[in-house]
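Just the one chain here, laid out as structure tokens, in the form predicted on its own.
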């Protein structure tokens, strides 16, 4: 290519720069749909109130007879002005920095509703805004709009948000959204269960109240709590028979510093406790307590994911409850997962945490606690065994002796029957519990294949073929009505007859077979 042709081509190929486009409607729908659990509304509301430095927040969730849901969130925080209101409705336009809701995604969960109404007072100005049919509008491929009215006021600062006709992926099924479930969620998944107060002098405490309408839960009073997660009282020398159950040792707040290869420093804030079952039950958990214990990674002092590998396979995680907070953890938009697990930051955090927990497990107090716990577990096992034997003894006396409930106990009854002068020889020659024909018996007529059952009627529930069975040996015949029903309907396609007076089962049509039944209950 010569110079003149190159110049000409360059002139023809004028460079063009384009900006990638975003389908705003789809983005709003996508972000709002990321929040499927109605409990995330509560998490979002508490985070916003904390960021607004509120001293109290009240959340009311109502459901009318037609199943429509209304959320009302009110606090006495510093309020919102018109610019803050834009951040509230915009996507990715949060004016928060280093705050919990800095991404501006959380409030978009409110878009899944029929109406959003916001009233707020800030610096002597009252602002009121209404967005009508946001979810329907988005699903019609349009961006919803909102009205804004402002006026001066002498009211104190604060914000009230009403979300009418809210809908979430899991819905507001009363059986799913109960006070107990919400209280557990607040303490384990929101700023309401924060451990920041152990570390941060700027931490501000606020009161939380959650009220559900009677259609959702009428079993107890509204939730009243704070945004502090507190441990049970320390108890190193409890009284009682099983002292390890109430043993509780606090591990005070520690700041661990880690230096990365590129020179950056990370701070990990760790606080926790080791405790027995009774101590752990004093924590605000609902459901299976052990499922909540272990080593939690947290951001903004809100627990995100457990990392129980930090305590090694030799130590059972349910002795521990530690929260390790690091602001360098990066979370998914809905704060459910840590998304920078493949990076050096996550690796450095978990390595340092493993070193810290190794030291905890090497403490003399912890080793003594585990030794005491093992000893008490054995003592409890002996007590349980003793209790079980006593129950069995009482039951045996009540029924006047042996009453087999399985084939092995039928064998014991058969041996007692033979030892007490039975008119025929019937001795167990072979027994296999899992076989359909589970015994071979030695009789006066030689070896016979036998089916041993506590109840004869149980045998026929499994529809086992009778081809290779020579004898039935049972404790009782069992459910005669069930056997008579089988007799009327046939068994595996062939006629069958139960002759209770002669203790026989006759089966088949052309090759008719008679199987004797030895019922032991009346022969003992």
Partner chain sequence: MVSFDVIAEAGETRRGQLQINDRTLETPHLFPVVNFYGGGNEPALFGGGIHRTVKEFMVNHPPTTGGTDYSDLFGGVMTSISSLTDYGIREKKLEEYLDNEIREWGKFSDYDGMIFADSGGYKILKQGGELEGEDFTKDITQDKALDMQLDLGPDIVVNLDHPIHPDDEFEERIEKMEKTAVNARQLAKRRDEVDGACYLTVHGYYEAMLERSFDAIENELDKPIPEVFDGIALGSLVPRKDNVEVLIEAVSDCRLEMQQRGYNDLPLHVFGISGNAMPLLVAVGADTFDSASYLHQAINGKYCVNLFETVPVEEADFHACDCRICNDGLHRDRMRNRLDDLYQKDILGSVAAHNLAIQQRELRRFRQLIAEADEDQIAAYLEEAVKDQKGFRKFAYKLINERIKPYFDDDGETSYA
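Positions refer to the first chain, counted from 1. Please read all numbers here as calculations on a predicted model, not as lab measurements.
There is also a form predicted in complex with its partner chain; it is not shown, and the following applies to it.
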Heavy atom of residue 362 within 4.5 Å of its partner chain in the predicted complex: yes
Interface membership of residue 355, its partner chain in the predicted complex, 4.5 Å heavy atom rule: yes
Heavy atom of residue 249 within 4.5 Å of its partner chain in the predicted complex: yes
Distance check, residue 339 to its partner chain in the predicted complex, heavy atom within 4.5 Å: no
Proximity to its partner chain in the predicted complex, single hit among 397, 221, 367, 378 (heavy atom within 4.5 Å): 367
Partner-contacting position among 299, 372, 181, 254 - heavy atom within 4.5 Å of its partner chain in the predicted complex: 254
Region of this chain that lies against its partner chain in the predicted complex, out of 401-409, 260-268, 420-428, 347-355 [heavy atom, 4.5 Å]: 347-355
Neighbours of its partner chain in the predicted complex among 229-245 [non-hydrogen atom within 4.5 angstroms]: 236
